[in-house]
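Read the single chain below, which is given as structure tokens and is the form predicted alone.
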Amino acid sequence: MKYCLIGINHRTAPVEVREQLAISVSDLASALRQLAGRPDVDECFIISTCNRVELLARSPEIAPDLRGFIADYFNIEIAGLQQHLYERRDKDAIRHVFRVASSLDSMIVGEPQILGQVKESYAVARSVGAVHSHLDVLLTRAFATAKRVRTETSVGSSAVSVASVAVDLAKKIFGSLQGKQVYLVGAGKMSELAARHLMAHGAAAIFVANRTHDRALQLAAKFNGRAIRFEQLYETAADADIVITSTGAPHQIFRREHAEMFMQRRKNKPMFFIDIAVPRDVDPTINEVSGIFVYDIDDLQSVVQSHVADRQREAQRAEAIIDVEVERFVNRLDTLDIVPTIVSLQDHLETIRQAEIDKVRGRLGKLTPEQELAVESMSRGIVNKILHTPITTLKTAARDAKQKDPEATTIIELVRKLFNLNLSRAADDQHEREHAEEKKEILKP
């Protein structure tokens, strides 16, 4: 199969390591083009979130050198990352993709954000041509599997998210959130979710600063809040009790000198930073300033543990679904290469059948509807009986070919030569037929 996946996530690497490999939304298309341009890569996909960075690639000949790409793209010594990287091949890579899309590999099992993030990354990969055939099949099947997990289990019920966990931490620090001022730095989905949870627990006012001021205005309007221009960030942030920051900036935007200035203005009233950005927006040494509390994405895991037991049984049911879907997908791959041959053979005999019926009509003249039906039924029956044995033999040969049986490969090639089959067109037609319905899943929220 030659599927290869490599990555780091919240389990294998702390945030200070993950941020070294983070790829921003604006850089994702360029990174995909560079990876797809490597001679050992036929198709590729990249996802980069606060909790994971993963590269998936396929090559028909050799396993792609994804470690080499990471070293080149990030200009980093790969040896220093070895202990944090994990690698999956072929069937294990397929299983991993299905589990990620189904939120079984998330820091918070069942959280809904990851599926949307995978779909967004898929859309970028499709738009630059990095995903076009085999990975297209794999990812659309992953989306369908994720939908099945969410529909058939309760793994996502009583939804817990990074945002809700952040609120739990804020309540521990302040006791009550009644009347607290909230400042959103960055106007992404995670910040909006956190703000929504904070408001539901009594927070008083929302301020929003974003580099694109129009986006800040839109988000502030949702909470009857106030949009602040980004250049006024440092002179206004001290008014907030809780700062939620997730900007995607390549460098830290809150440093120790800012924290000390905020504490002077606040007369040492506590101030809580929730840094859900990777790379981080907040210098971790700010935690050393009296009255300042900083929590990054890794710190949220301690709160997550209390939610794990409730979901364990449903997660096991979800894993069983994943097992079934992976086996189904792998079995499909085993015969995928033979499908164009079968389709082309069916088309070839159907063309002959139609031509012979036309000759009969020419000799017999106009047929009654009953006669037309009888000719149609009889000719289709003959063709189906002729096709049964070669199709069964081809499917068996396709499975044997995966086991490197040279006789099986000879059978397949012989059928193709005997009937002079047009495989390229059959493959294209089959691909479109098989995945038209699955791709509808991607358009759904």
Partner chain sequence: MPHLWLRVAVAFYGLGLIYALIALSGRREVLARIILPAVGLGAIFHFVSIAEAYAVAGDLAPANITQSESLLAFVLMASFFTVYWRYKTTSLGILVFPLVFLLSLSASLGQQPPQFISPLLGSGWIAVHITLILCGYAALFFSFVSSLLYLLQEQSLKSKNMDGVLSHLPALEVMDDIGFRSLLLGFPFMTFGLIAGCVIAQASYGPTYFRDPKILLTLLMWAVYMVLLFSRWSAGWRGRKAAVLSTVAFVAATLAWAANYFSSVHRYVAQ
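As the structure is a computational prediction, the values presented were derived from the model and not from experiment. Between two forms, the rigid core is the largest collection of C-alphas that superpose within 1.5 Å. Numbering follows the first chain given and starts at 1.
Here the subject shifts to the form predicted together with the partner chain, a form of this protein not shown in this document.
Quiz item: Within 4.5 Å of the partner chain in the predicted complex: all of R33, G68 and Y73, by heavy atom?
Solution: The answer is no; none of R33, G68 and Y73 reaches the partner chain.
Quiz item: Heavy atom within 4.5 Å of the partner chain in the predicted complex: which of L367, L85, V330, L169?
Solution: Checked against the cut-off, the match is L169.
Quiz prompt | Heavy atom within 4.5 Å of the partner chain in the predicted complex - residue from V137, I173, M261, V343 | solution = Exactly one listed residue reaches within 4.5 Å, namely I173.
Quiz item: So, in the predicted complex, is F293 in contact with the partner chain at a 4.5 angstroms heavy atom limit?
Solution: Residue-level check for F293: yes, a contact with the partner chain.
Quiz item: V289 near the partner chain in the predicted complex, any heavy atom under 4.5 Å?
Solution: Yes, contact at 4.5 Å.
Quiz item: Might K267 be said to contact the partner chain in the predicted complex, defining contact as any heavy atom within 4.5 Å?
Solution: Yes, K267 sits close enough to the partner chain in the predicted complex that at least one of its heavy atoms falls within 4.5 Å.
Quiz item: Do E314 and the partner chain come within 4.5 Å of each other in the predicted complex, heavy atoms counted?
Solution: E314 lies outside the contact set for the partner chain.
Exercise. Report the stretch among 367-375, 123-131, 173-181, 252-260 that approaches the partner chain in the predicted complex to within 4.5 Å, counting heavy atoms only.
Key: Answer to the contact question: 173-181.
Practice problem: Taking the rigid core as the superposition reference, indicate whether the CA of E327 shifts 2 angstroms or more between the shown form and the other one. | Solution: Moves: no, less than 2 Å.
Exercise. Indicate whether D168 shows a C-alpha shift of 2 Å or more between the shown form and the other one, with the rigid core used for the fit.
Key: Yes, the C-alpha moves 2 Å or more.
Practice problem: Take the rigid core as the frame of reference and indicate whether the C-alpha of V282 shifts by 2 Å or more between the shown form and the other one. | Solution: True for V282: a C-alpha shift of 2 Å or more.
Practice problem: Over in the other structure, so in the predicted complex, do S176 and P112 pull closer or drift farther apart at the C-alpha level? The difference is 3 angstroms or more. | Solution: Closer together, which means the C-alphas of S176 and P112 are at least 3 Å nearer in the predicted complex.
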